[in-house]
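Heads up, what comes next is one protein chain in two forms, each shown on its own as structure tokens, labelled structure 1 and structure 2.
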Structure 1
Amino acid sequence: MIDFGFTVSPSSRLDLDKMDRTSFNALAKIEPDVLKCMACGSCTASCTAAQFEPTSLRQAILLLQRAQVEQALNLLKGCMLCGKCTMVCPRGINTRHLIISIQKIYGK
């Protein structure tokens, strides 16, 4: 057997059909703006806190849709709720209220 100097890593594939989306659906019921997000990244680009700590509402929403709650909450930990992201959102999402709702629903 020839050694080419690399190994095959295990798959990191997510089976979205097996994800528990009940908490995300509860969030969407309380805060329907979460479904309006088109993941443009304007919020992340304008974020003051992102210079100092990894903060991204866009990625957090995606992680919540994939039921990866802990990683999503870590991305929102550095948010200072300054409101810059609300001002630049092309969909007019109240991002401050959305972040507070996420923290309320997911209990941190």
Structure 2
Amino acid sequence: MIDFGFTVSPSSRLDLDKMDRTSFNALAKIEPDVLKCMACGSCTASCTAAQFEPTSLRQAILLLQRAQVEQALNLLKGCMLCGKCTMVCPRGINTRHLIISIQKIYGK
């Protein structure tokens, strides 16, 4: 590559055409309730880990839908599987189980 002395920042735009949804579809197959999330944020609000490091199941679900796997998994690293979010989810998603399923499908 020729060095032109400058770099171009990568686009932050999400292109839905190019998004590979294979893994998300596999997740939805074993954990159909993931489709019920309406992004209310109750899980993140009740999360103890979120007080210490960026942790958000709400955002992780969205990022997985957008095939941003690494960022999504980073947002679940702090999770200690305490299950408080399961108690607050108004759509009755078993969020604790969902997090385990996410690890099953996406975990390395």
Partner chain sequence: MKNNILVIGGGPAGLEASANLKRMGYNVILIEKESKLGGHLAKWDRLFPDGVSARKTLEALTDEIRGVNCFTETQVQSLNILDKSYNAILSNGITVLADAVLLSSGFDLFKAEKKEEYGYGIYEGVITNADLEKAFREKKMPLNEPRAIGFVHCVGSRDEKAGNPACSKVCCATAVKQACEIKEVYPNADVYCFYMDLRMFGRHYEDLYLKAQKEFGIRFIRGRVSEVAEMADGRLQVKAEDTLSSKPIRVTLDMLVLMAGMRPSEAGRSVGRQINLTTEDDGFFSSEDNLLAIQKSKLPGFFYAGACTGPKTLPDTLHEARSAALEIDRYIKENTREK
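Throughout, rigid core stands for the largest set of C-alpha atoms superposing within 1.5 Å between the two forms. Counting starts at 1 with the first residue of structure 1 and goes up one by one along its sequence. On a predicted model such as this, the values are computed, not experimentally measured, just so you know.
Q) Which number, 1 or 2, marks the form predicted in complex with the partner chain? A) Note: form predicted in complex with the partner chain is structure 2; the other is not.
Q) If you line up the core, does Thr22 shift 2 angstroms or more at its C-alpha between structures 1 and 2? A) Stays below the 2 Å threshold, so no.
Q) Aligning on the rigid core, do we see the C-alpha of Pro90 shift 2 angstroms or more between structures 1 and 2? A) No, the C-alpha moves less than 2 Å.
Q: Fit the two forms on their core, then tell me the C-alpha shift of Ser9 between structures 1 and 2 in angstrom.
A: For Ser9, the C-alpha ends up 7.1 Å from its position in the other form.
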